[in-house]
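Only one chain is given next, in structure tokens, and it is the form predicted on its own.
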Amino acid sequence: MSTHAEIDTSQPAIVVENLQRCFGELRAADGVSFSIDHGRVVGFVGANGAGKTTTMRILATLDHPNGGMAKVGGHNVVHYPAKVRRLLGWMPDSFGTYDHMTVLEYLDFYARALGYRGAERVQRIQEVMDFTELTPLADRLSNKMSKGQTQRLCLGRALLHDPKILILDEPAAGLDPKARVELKRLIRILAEEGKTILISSHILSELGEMCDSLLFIDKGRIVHHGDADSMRRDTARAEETLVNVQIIGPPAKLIEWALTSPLVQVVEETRCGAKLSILSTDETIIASVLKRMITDGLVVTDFHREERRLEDAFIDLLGRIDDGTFKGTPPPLPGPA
């Protein structure tokens, strides 16, 4: 038995054009446009209420837009929802379980709903349980598991029909560090299998590691589409070097020194010092800042350059958008309709 719909590889895996969704006067999606090629892993980033979940729900055929167009696998999500659902795996940010239903019974229920029968159903459930490492938990009640185990069950449900395209809404939310590592490993394996993955998360550093590119949405509009490095470049000052400095003594002493030093600004205080911005990329000027620290009596134990964090770049991006000064990389045009 086959649950696959035909996928049109002549078009991008996901195409969104001028998507609009209003809830009263609130514009949750306000002209959203982007495209994702087959086999790519794309991170979807935005503050709460920016429009991420609304856009993802429309792509998953769980909501209707007020305007614009969205296609998954070449199929219009409004006109052909059944075709979209057969090739799409949807993992929501939260989902319900059932009292007195074990992990095995839970997956068996959804496998039957998808049309799997007999030995093929048993085999498919076992494959999914092995992949998500749920086999040892087969007899565990589905509503009596840890957050990490529950997320793996939700992912397993989304994978039952072996979809070509996955949409994962905040899959790492609330997970402990070990569970996040396990989830990242599963997503990496799925990417290596050639699946197209759109994944939202508030943990930007992890998205930067996992994803080929990042989509940034703000107030219902896409404001940036590119890789993590381009995001850092677009929001960085042209002449700036970030350095992390550690000293012996209270960090306040370093901060007081920085506030009175030319070409030096304080980014944030750290446990043993501070992150500083030197308003130059000239090696001799950077070296002279370190020399002045030592000459002025600071006992420096560490002084190294630091890459701009994605979290800082994102906050700076939103600030520049609000004040109208951002001139970053425009989102690429969507693929053919």
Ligand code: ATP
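What you are looking at is a predicted structure, and each value in this text was computed from that prediction instead of being measured. For every residue, the number given is its place in the sequence shown, counted from 1.
The form predicted in complex with the named molecule is left out here; the points below concern that form.
Proximity of Ala47, Thr54 and Glu170 to the named molecule in the model of the complex is complete: all three residues have a non-hydrogen atom within 4.5 angstroms.
Proximity to the named molecule in the model of the complex, taken as heavy atoms within 4.5 Å, picks out 25-33 from the listed stretches 289-297, 66-74, 25-33, 276-284. In terms of contact with the named molecule in the model of the complex, the residue from Lys184, Arg124, Lys253, His202 that brings a heavy atom within 4.5 Å is His202.
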